[in-house]
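Next up is one chain by itself, shown in structure tokens, the form predicted on its own.
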């Protein structure tokens, strides 16, 4: 009883101290903290954010406190910013004051040497290596291999009731492995998939490493994943085979990455390349299904780019302006990444407030993408709005500045290739009447968008 009483008393004391410090700004800063609330000690407002439409959470905060406010997410005190000027300040103009970061749970799972968590010389070296494998000149040669994966994915779904997001995750995972390991990826696909699927379950869990918790299970899977990668790296060294894939880029030259650094960055690339692109594809399928006129126009465009006997070419993917605008509008409306994480490396003053050293800073892409000031009728799906370029710093689906996503060209390529075959060969029908959105952490159509897929000349299969 005494032990329990002491524990409760200590927790109460901690909670009061926490609330006093964070709510009443007794840190002694010359300027005040941004307005806002921090929720419960440690837990903060994590559940409020991830259990509902992020638009509701962010819009309510912005309405009450303005374009800059504080909160507490995934164990981290943070400042949220929701204007293009503030996003540019953090991501571009003063990017040296805000290092890239993630919540502790995700950082430990991805690995501390991953590109996401660094700036300066090490980041520049990693970015150079990633771009070497993901720039247009490098991925041009992979079009036919990506097309083969797209065709296999669609053929496997034909005539079945499928969960769109699940199938798209399989497709984007295979494309990611192809880009990392080249054609050898098929040798490791199943083992990597098994471990990674366990790992990803804990990405947004609290970092409590106790048996039975999601975080504990994920960390075990992460350890096994690193062991598999170590074997792949050892095999590549023994064969001394040269390759233009990402692993070859990491292992080649005089950069001298350690095996741990390679493993952390391989896992990081899988994380960045898989769920986000799969989410975009899922939303595109939904929006095209709900907008017959847009689907008809996209299909007509794609039928004019039927490719030769050898299939699609890189040049063919540059003849798809309408389809590209559909991708852009999907990225805006769905805003797969509602925000990104940065961390102040020193106390930073902005608009009369202090952003304390060590606090996370979250540029809110969703708020910017859904602002009627920049995008009239922001909830409306209208690809024609991208016939003109958006205003600077108002459209940032791949981030901005030196830490913008280096794999965005690959993501656009795999989306275009799959959409080409989906629209020219197939039709689909949504199954079920639910039109809601689920969150966790990406916004997705309810239940991952169940559909029935059939060849265009087999319409009865949709009935």
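Positions refer to the first chain, counted from 1. Remember, predicted model here, so these are calculated numbers, not experimental data.
FYI, the form predicted in complex with ligand HEM isn't displayed, but the following is about it.
Taking the pose of ligand HEM in the predicted bound form and superimposing the nearby C-alphas onto this chain, the site is open, with no ligand atom within 2.4 Å of backbone or C-beta atoms. Contact check for residue 56: every heavy atom lies farther than 4.5 Å from ligand HEM in the predicted bound form. Although the partner is absent from this view, residue 437 stays clear of ligand HEM in the predicted bound form, with no non-hydrogen atom inside 4.5 angstroms.
Put simply, residue 411 is close to ligand HEM in the predicted bound form: some heavy atom of it is within 4.5 Å. Although the partner is absent here, residue 299 lies well away from ligand HEM in the predicted bound form, with no heavy atom inside 4.5 Å. Contact annotation: ligand HEM lies within 4.5 Å of heavy atoms from the stretch 340-348 in the predicted bound form, the single such stretch among 231-239, 340-348, 67-75, 291-299. Highlighted residues 336, 398 and 407: every one comes within 4.5 Å of ligand HEM in the predicted bound form, counting any heavy atom. The partner is absent here; in the predicted bound form, the one residue of 215, 196, 287, 116 having a heavy atom within 4.5 Å of ligand HEM is 116.
The listed set 171, 98, 134, 165 contains one residue whose heavy atoms approach ligand HEM in the predicted bound form to within 4.5 Å, identified as 134.
In the predicted bound form, ligand HEM lies within 4.5 angstroms of at least one heavy atom of each of the following residues of 123-142: 123, 127, 134, in sequence order.
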